[in-house]
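Heads up, the chain below is alone and in the form predicted on its own; it's given as structure tokens.
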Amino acid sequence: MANKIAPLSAAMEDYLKAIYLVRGSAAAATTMVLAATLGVSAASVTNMIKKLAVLKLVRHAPYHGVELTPAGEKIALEIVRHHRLLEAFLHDALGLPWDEVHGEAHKLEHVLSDNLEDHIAEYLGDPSVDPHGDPIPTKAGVVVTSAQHTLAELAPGARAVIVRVGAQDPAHLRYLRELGLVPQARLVVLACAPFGGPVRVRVRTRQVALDEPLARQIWVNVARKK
């Protein structure tokens, strides 16, 4: 992936990455959503968006929030690649738990050189996903995703394989790991309570229940019926 078109601050890169990730979740990257995502004030978001717009990295679309320009998306994908490669390295090579790698990778993603990025990718065998199952953009900026459904969307009796866990809260990740709800785990949906109630599943020999918001953070591939 090519270098950035101009030197940017870490804060600017954080905004570009946040816009990319928010829009990737099918949500509009509004001022309020970005403020909540980044933990800053709405006024700070407005000021930064103006700066990024001057650099032609974002544009504001009425009723659709902020959008990345092609140049802005290129930079966002580079930062996402750095972040997820670092998560994979910290987890696979150094043995950090999957609930700790996000914070550590965030500290390092802005200073990772292209040379070190290439060496990490080669050392890990050019992985396609990070420890949470999130796709790692290729060097050319291509993102390949496979999961189409969240656990909350499945009907009772459905069998599935976990592909990605979108939760980033360390406590949630520790909890899911304790339950065995990690990428590549196979499960069966036992029951789904109505009106946003819990989803009950069997993973291995254990039955567990998850509230709907957490179940929507677990992406799966549904097994075909024989």
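Note that residue numbering follows the sequence shown and begins at 1. It should be emphasised that the depicted structure is a prediction, and the values quoted were computed from it without experimental measurement.
There is also a form predicted together with the DNA; it is not shown, and the following applies to it.
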*asked:* Just to confirm, with a 4.5 Å cut-off on non-hydrogen atoms, which of V188, A193, A42, A27 contacts the DNA in the model of the complex?
replied: A42
*Counting only non-hydrogen atoms, which stretch in 177-185, 158-166, 195-203, 61-69 is within 4.5 Å of the DNA in the model of the complex?*
61-69
_I'd like to know whether H172 contacts the DNA in the model of the complex, with contact meaning heavy atoms within 4.5 angstroms._
no
*Does the 4.5 Å heavy atom contact test between M12 and the DNA in the model of the complex come out positive?*
yes
*Just to confirm, V54 within 4.5 Å of the DNA in the model of the complex by heavy atoms?*
no
*Closer or farther apart in the model of the complex, the C-alpha atoms of H64 and G141, for a change of 3 Å or more?*
farther
